[in-house]
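So this first bit is one chain, no partners, the form predicted on its own, shown in structure tokens.
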Amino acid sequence: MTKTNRGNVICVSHPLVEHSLTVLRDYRTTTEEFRRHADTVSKIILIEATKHLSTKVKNIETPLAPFTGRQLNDKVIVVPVLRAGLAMLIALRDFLPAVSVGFIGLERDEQTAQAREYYQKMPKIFASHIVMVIDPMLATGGSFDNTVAALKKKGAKRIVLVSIVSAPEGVKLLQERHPDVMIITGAIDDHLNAKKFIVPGLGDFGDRYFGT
């Protein structure tokens, strides 16, 4: 796996990501296949997002001998932006099954493309927590911006944003407003169209993943 660094942005490059993203972008892809490949891409990108978690020594006994190993030391909170973010949460639970989860529900106004918050439920957040905000599509950046602002008000200091596909406009907005936040994505596409959809993109991720 390789990555391209652009300041506080990491674009993950991997043959499996490229393959699965091609399947996701194809309008002929069925819901079943879309879910399977969304899971593959999410896991690879989330592995990169967890790469810098700290560990501590743990002494154990194998069936044959004592062993000094390592276990995770950082406490992680994951915040999926509803509803599409739930798809990435499903992928994350396979390797962080005990992670605490917070929820922020944002609904995009189709006329203004602005996000409106309709729900929020968060665990207690401390400055030491690593808070991962997950949403497959980083388009205008409005949803991520609102979510990060809400998390900072609750005390979050170590925030990582994770997406599958991003638009340069959204990346630029977040770099300007939250230069302290790392952005990890699987692709940075060309632009947003007049309706604020990512081009070439893959359409409405939530609709395609949930079959609506």
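Numbers follow the displayed sequence, beginning with 1. Because the structure is a prediction, the values reported are computed rather than measured.
One more form of this protein should be noted, the form predicted in complex with ligand URA, which is absent from this view; the next part is about it.
- Just one listed stretch, out of 120-128, 134-142, 89-97, 67-75, contacts ligand URA in the model of the complex at the 4.5 Å heavy atom level, and that stretch is 134-142.
- Contact annotation for K196: at least one heavy atom lies within 4.5 Å of ligand URA in the model of the complex.
- Looking at D190, you'd find every heavy atom of it more than 4.5 angstroms from ligand URA in the model of the complex.
- Within 4.5 Å of some heavy atom of ligand URA in the model of the complex lies at least one heavy atom of D204.
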